[in-house]
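Next up, structure tokens for two forms of one chain, structure 1 and then structure 2.
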Structure 1
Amino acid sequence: MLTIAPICGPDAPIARANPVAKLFAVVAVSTAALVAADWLTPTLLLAALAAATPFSGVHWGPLLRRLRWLWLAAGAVAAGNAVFAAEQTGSILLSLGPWELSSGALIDGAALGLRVCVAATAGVLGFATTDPTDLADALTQQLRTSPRFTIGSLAALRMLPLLGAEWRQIVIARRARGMEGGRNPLRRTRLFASTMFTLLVGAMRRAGRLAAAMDARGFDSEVPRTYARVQRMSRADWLFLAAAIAVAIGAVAISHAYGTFRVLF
């Protein structure tokens, strides 16, 4: 089921952290992983994220279900970069005619896949422990983002579960009318495209009605807004953010000490 609700216990230490603190923690860890071009730095960061997962209140099952497609994409990125590398360095591990796979290309591809895994895991772990309404409150109060943009984005996120339900309704309705792709890949592709177009048209109509309703309720007003829930950075939030930055710096320092650290640019 498509949902944006947090999948953590409300009493977990990371779940209680300020959304802005978690946002900057995710940025710090992801930046360290994406800037480093070696394999050791993202591996250490991924191990740190695994160690922090029990403190987030998120169970491994729901977390892995949210991560499976992202990790699959990371594996595809790693394999593609290893197989189609511009230069095969190191020892040749596999040779099939004109195609060769070397140890250097395999390590570089694995490093790229690990970087994608770190960024995906940090983002999913951060958003899985954050209520979207609390995030919108923190962005407007602490980062001074535009209320029109932030509240509109929150309303759009709240509509995401409806897209999954509407997709199932469209598919069931077309199946009842005998519109099925069967085993024909061309027919299945055309049916998928037409279903996606129908869903897009319905989403645009719903978005227009929602925007008009929000404007009628004063969400477009320039009058300063008040907030029902006040978001502040506590000492624990600053310590959490400092710990995330320390982990990112520590991973880079360990990688540099072992002589494997390389800057991507």
Structure 2
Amino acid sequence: MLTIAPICGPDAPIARANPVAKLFAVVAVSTAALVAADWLTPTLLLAALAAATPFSGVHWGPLLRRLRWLWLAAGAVAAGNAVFAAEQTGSILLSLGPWELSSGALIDGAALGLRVCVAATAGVLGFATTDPTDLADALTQQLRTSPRFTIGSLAALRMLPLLGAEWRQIVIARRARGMEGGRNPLRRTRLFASTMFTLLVGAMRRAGRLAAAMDARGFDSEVPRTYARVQRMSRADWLFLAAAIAVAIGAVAISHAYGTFRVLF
């Protein structure tokens, strides 16, 4: 089943941190990784993320399961950039007919792949430790986002798993009617389109009903809402955010001191 609930122990320090603090921490680390074009900055950041993982309450197993596709994508970025680099510099490591792979291109490719890794890992760690309800609360309370939009999105998010279940039901109902994709690509496409249409008709109807039910409970009243749950930026949250920014700046500084730092643009 599609799940959006956090996958961490609830008492870990990072799991308890304010979601907005986590959001900005992820932004800080990812920005540093994406701006840097060298290999050392993302490596340092990745090491910092690995060091932070025990404090997130996320177990390595589930974390790696969530990350494997993203890392595979990062690997593909690395390989693609190394093989198809515009100029091959340094010593030639491999030569296959017209294709050559040089050490310089390999390092550049790895650097690009590592950046994707850092952003993916930071994002997954952030979301894996954050309850969507807490995130919505923090967004409306700390960042003053519009409750209409934020709580509305939260309600829509809650309906996502229902769509998965409904998709399966529609596919079964189609088979009962004598409709099946089989091996014919044209028929498969038509089946997909018609299943999607039925799903969307149902989803629109549901969304309308949900909106009516929310408004009936006063969601569209002009009165400013109160908050049943408090989200605060505590001192620990500020420290956490400061630490994340320090890590981001530190990684860039070390790489700069080491002489490898390069800006992407």
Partner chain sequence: MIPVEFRGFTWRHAGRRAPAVAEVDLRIEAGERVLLLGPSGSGKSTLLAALAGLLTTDSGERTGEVLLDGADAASQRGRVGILFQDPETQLVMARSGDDVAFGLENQAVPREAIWPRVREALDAVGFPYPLGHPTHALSGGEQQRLTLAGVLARRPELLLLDEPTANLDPEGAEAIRSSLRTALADTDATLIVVEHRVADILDLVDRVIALGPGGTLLADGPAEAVFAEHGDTLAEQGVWVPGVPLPALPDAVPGEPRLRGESLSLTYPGADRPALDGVDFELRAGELLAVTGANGSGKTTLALLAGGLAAPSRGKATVPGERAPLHRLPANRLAARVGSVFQDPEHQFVTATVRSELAFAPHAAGWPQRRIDARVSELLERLRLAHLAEANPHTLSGGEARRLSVAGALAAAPGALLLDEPTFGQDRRTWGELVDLIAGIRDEGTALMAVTHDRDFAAALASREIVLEDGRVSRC
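Numbering for residues begins at 1 and runs along the sequence of structure 1. Note that the rigid core is defined as the largest set of C-alphas that superpose within 1.5 Å between two forms. What you are looking at is a predicted structure, and each value in this text was computed from that prediction instead of being measured.
- In this comparison the chain labelled structure 1 is the form predicted on its own, and the other chain is not.
- Candidate list Gly208, Val230, Val201, Arg177; rigid-part hinge between structures 1 and 2 assigned to Val230.
- Domain motion between structures 1 and 2: the smaller of two rigid parts turns 13° against the larger, based on C-alpha superpositions.
- Relative to the superposed core, Phe192 has its Cα moved 7.1 Å between structures 1 and 2.
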